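There is one chain below, alone, in structure tokens, taken in the form predicted alone.
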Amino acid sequence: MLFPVITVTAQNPVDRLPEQIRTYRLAERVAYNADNLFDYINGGAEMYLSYGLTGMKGCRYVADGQPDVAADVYEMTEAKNAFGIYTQTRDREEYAYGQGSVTHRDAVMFWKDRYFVIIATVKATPQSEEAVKQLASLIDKAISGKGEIPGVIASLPSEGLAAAGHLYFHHYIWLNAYYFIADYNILNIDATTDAVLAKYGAPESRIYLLLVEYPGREAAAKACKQLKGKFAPAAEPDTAVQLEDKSWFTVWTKDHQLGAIFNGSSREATEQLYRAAKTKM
């Protein structure tokens, strides 16, 4: 999979971290960009590259008799991309750090402005846990700006939305993150589009809502035609149809936006979510 190569910038919140944090001392600094991030996180770099990585800087702290603590700060081209990485990694919504965070005993992850931050220790001890939290606080304070959440998120109906159950993206490789739709770029998703895939209802009756914002109406209409052609070519516009697997499906456009619902458990549930989503678009 090819992604555009973007050059690392000089400034990063990691540069402002102190040499000493209580008993922990700075032992190493690292810096990577789109060309060599695979050397650092082989197998996980694709996610960052697909969201427009500018660069990554990190550091490692050590203390006698204690597990190491590492802080990695990924800089993205735009704040919405840092938000997208956050939606990929969080399993719940917290706000202890940055503009959205998740705290574990051995790690803290958060996004703020155009940065996505991970601070982790190889083993949770009282000392390493405290170092993780202190580093998270210091990096949070070092990022002075705040980023805007992509506008497409505001179009998600709140009723029935699963906790931490939406994923923002603008690269088609994430289209099947929750529910398989197609093994190719059926909706022409690229850097000019904003998309969100969301989970609704209980796990045993999960419904998936996809919203995509395009540069114009023609692009949205073209994508709608392609999706309809794959799932329900004979269906009337804006109507819920039952597929061969007995699930319900619908797709529609509103101005430059596309909406689609997959895996509906019933016509009623599908149409209810359709009406709620189209009203907010």
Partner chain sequence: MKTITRRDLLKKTAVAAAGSAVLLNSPVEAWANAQQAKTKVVLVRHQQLFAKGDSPDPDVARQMLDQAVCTLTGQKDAAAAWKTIVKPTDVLGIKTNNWNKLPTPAILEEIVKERVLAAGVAQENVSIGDRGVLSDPVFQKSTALINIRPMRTHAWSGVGTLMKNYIMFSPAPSSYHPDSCASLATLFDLPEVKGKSRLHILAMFTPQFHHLAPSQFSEEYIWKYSGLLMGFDPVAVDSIGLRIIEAKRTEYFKEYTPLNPPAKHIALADTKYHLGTADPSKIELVKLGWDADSFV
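Everything numeric here is computed off the predicted structure, so don't read it as measured data. Positions refer to the first chain, counted from 1.
Just so you know, the form predicted together with its partner chain exists too; it's not on screen, but the next bit is about it.
S.K.: Based on heavy atom distances of 4.5 Å or less, which listed stretch (127 to 135, 152 to 160, 199 to 207, 76 to 84) is in contact with its partner chain in the model of the complex?
M.R.: Answer to the contact question: 199 to 207.
S.K.: Counting any non-hydrogen atom inside 4.5 Å, which residue from 31, 221, 27, 243 sits next to its partner chain in the model of the complex?
M.R.: Answer to the contact question: 243.
S.K.: 118, 164, 142, 96: which sits within 4.5 Å of its partner chain in the model of the complex by any heavy atom?
M.R.: None of the other options qualify; the answer is 118.
S.K.: Counting only non-hydrogen atoms and a 4.5 Å threshold, tell me whether 14, 56 and 101 all contact its partner chain in the model of the complex.
M.R.: No residue of the spot touches its partner chain in the model of the complex.
S.K.: Is there a heavy atom of residue 148 no more than 4.5 Å from a heavy atom of its partner chain in the model of the complex?
M.R.: Close contact is absent here: in the model of the complex, residue 148 is far from its partner chain, nothing within 4.5 Å, heavy atoms only.
S.K.: Counting only non-hydrogen atoms and a 4.5 angstroms cut-off, does residue 231 reach its partner chain in the model of the complex?
M.R.: Within the cut-off, so yes.
S.K.: Looking in the model of the complex, any heavy atom of residue 171 within 4.5 Å of its partner chain?
M.R.: Contact with its partner chain, yes.
S.K.: May I ask you to state whether residue 190 is within 4.5 Å of its partner chain in the model of the complex, using heavy atom distances?
M.R.: Residue 190: no, not in contact with its partner chain in the model of the complex.
S.K.: Would you give me the residues of 99 to 114 that have any heavy atom within 4.5 Å of its partner chain in the model of the complex, in order from first to last?
M.R.: The stretch 99 to 114, when checked against its partner chain in the model of the complex, contributes 102, 104, 106, 107, 109 at the 4.5 Å heavy-atom cut-off.
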